[in-house]
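In the block that follows, a single chain appears as structure tokens, in the form predicted on its own.
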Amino acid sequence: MIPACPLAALPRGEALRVETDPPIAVFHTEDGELYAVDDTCTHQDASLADGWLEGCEVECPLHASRFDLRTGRVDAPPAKLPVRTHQVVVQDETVYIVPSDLPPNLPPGVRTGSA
């Protein structure tokens, strides 16, 4: 598990970027749910943590693609590939990420440090 932040440091309706490879965005919805997805839009290199959170969806700040935080599914173009999701665990008031074993869907030209 990767420690992301204290739960109190991530208010409802906010997101934060965790510097992993590739980076992961953690979202705290207005309903109190926590979700984690790769922080890079699958269409073009943009941080989803800088996007707009509405319900369980995040809108990319670059071209307005929307992703369902529960499944990673694309809900609005121009992105075509889903974003990879990760499990979130809260333990002792700390938010942790359990990284997915699946490969990331990164946009063209973006590579991980291990690739």
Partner chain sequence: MKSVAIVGASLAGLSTARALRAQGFGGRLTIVGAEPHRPYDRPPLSKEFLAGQMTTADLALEGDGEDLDADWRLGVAATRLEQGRSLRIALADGSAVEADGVVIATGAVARTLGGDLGGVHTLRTIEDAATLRADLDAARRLVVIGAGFIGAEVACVARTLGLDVTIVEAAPAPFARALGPEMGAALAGLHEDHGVRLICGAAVRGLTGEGRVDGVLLEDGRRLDADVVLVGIGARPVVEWLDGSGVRVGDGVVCDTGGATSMPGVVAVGDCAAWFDPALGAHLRVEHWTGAARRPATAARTLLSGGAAVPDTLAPPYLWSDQYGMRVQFAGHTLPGDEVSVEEGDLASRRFLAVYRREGRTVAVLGVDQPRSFTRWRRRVNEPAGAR
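Positions refer to the first chain, counted from 1. Keep in mind that what you see is a predicted model, and the values were worked out from it rather than measured.
What follows is about the form predicted together with its partner chain, which we do not show.
Using a 4.5 angstroms limit between non-hydrogen atoms, A64 touches its partner chain in the predicted bound form. Remark: E59 counts among the residues lining its partner chain in the predicted bound form, judged by a heavy atom distance of 4.5 Å or less. In the predicted bound form, I24 stays away from its partner chain, with no heavy atom inside 4.5 Å. Using a 4.5 angstroms threshold between heavy atoms, A15 counts as touching its partner chain in the predicted bound form. Along 26 to 43, a non-hydrogen atom within 4.5 Å of its partner chain in the predicted bound form is carried only by H43.
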